[in-house]
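Consider the single chain below, provided in structure tokens and representing the form predicted on its own.
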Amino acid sequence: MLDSDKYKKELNHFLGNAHNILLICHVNPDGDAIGSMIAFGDYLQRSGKKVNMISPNHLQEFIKWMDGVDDIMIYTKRRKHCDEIINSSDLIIMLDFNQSNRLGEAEKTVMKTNIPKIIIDHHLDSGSFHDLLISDPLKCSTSEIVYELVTSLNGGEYHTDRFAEAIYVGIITDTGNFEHGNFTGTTFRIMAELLDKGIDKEKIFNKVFNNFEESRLRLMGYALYEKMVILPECRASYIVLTKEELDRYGYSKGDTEGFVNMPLSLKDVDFSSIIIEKENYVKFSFRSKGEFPVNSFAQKYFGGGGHYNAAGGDYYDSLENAVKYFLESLKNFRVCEE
């Protein structure tokens, strides 16, 4: 359980001395990163604070419809302007990450400042670059934490349409609409309150999960039919997609979202990976069900991390060597039948 009263006192100390607040999320932001940032920004603005929001790089298509997205500056598009905003802030609040390299190109500027920094997050293994850490790995999303913090800071329920929608998006995206994650009864009580306030759940679901191009569905079919490999001796599956294959299907950022979860529907598979060739590296996403700690696997072999059942990492070599290394690592990490 998040100790909201404890954090309320500490947060009020920092917020009381701040008038120009920067909210910043992680590189390649997902729905939880953007949702928690918009929601907290809405509350702070209505509390009389000047608020700026920065994403280290581009936003995925499935979240561009959200109210508040137009207020988010993209660092890679306006580097000089964003650097000026970072340096002129008197408080930096970082949402949905706890390692400084997740700031992407903005890391250098943010880390050089002496501005007080707060992390609000739900991942394990936090770095030490903060003045205040608000984290609970047992929460399903950073948006859930933001909801509880704002309720405490407000002295009771806080509601605007923008806030409610942002929290709702954050929770459903980080749980795959409640297919995975650390959601609890508290999570559903929050969702019930949002629904009681009139959230349009059908609209949000369709915008988030049913808003892709035809090419994405064809890529999914190709990935599952042609590229999915099952390793029955390891109770595992993996999918490898090359740059050429992605180009062939007109790949757009976010099109492979969710692919990694699909093999877990097989009764004899409890670990799944999707391996994607990038320009200068290979990206790995890992998912599991049951007792396979993919965050430990990602951290040990791929310099990554994440949640117990959802994590990722990178490998800087050729795709062929990356796949070979992945298979060796898997067999070293868990006992596979001969």
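Quick caveat: nothing in here was measured; it's all calculated off a predicted structure. Residue numbers here begin at 1 and follow the sequence given.
There is another form of this protein, the form predicted together with guanosine-5'-monophosphate, and it is not shown here; the text below is about that form.
Student: Decide if the three candidate residues 102, 123 and 314 all line guanosine-5'-monophosphate in the model of the complex, where lining means a heavy atom within 4.5 Å.
Tutor: Yes.
Student: Answer yes if any heavy atom of residue 285 is within 4.5 Å of a heavy atom of guanosine-5'-monophosphate in the model of the complex; otherwise answer no.
Tutor: Contact with guanosine-5'-monophosphate, yes.
Student: Looking in the model of the complex, any heavy atom of residue 305 within 4.5 Å of guanosine-5'-monophosphate?
Tutor: Yes, residue 305 is a contact residue.
Student: Considering non-hydrogen atoms and a 4.5 Å limit, does guanosine-5'-monophosphate approach residue 193 in the model of the complex?
Tutor: The answer is no: residue 193 has no heavy atom within 4.5 Å of guanosine-5'-monophosphate.
Student: Give a yes/no on whether residue 257 approaches guanosine-5'-monophosphate to within 4.5 Å in the model of the complex, heavy atoms considered.
Tutor: So residue 257 counts as contacting guanosine-5'-monophosphate.
Student: Please tell me which of 276, 269, 54, 310 lies within 4.5 Å of guanosine-5'-monophosphate in the model of the complex, judged by heavy atoms.
Tutor: Contact residue from the list: 310.
Student: Work out which of the listed stretches, 236 to 244, 149 to 157, 222 to 230, 94 to 102, brings a heavy atom within 4.5 angstroms of guanosine-5'-monophosphate in the model of the complex.
Tutor: That would be 94 to 102.
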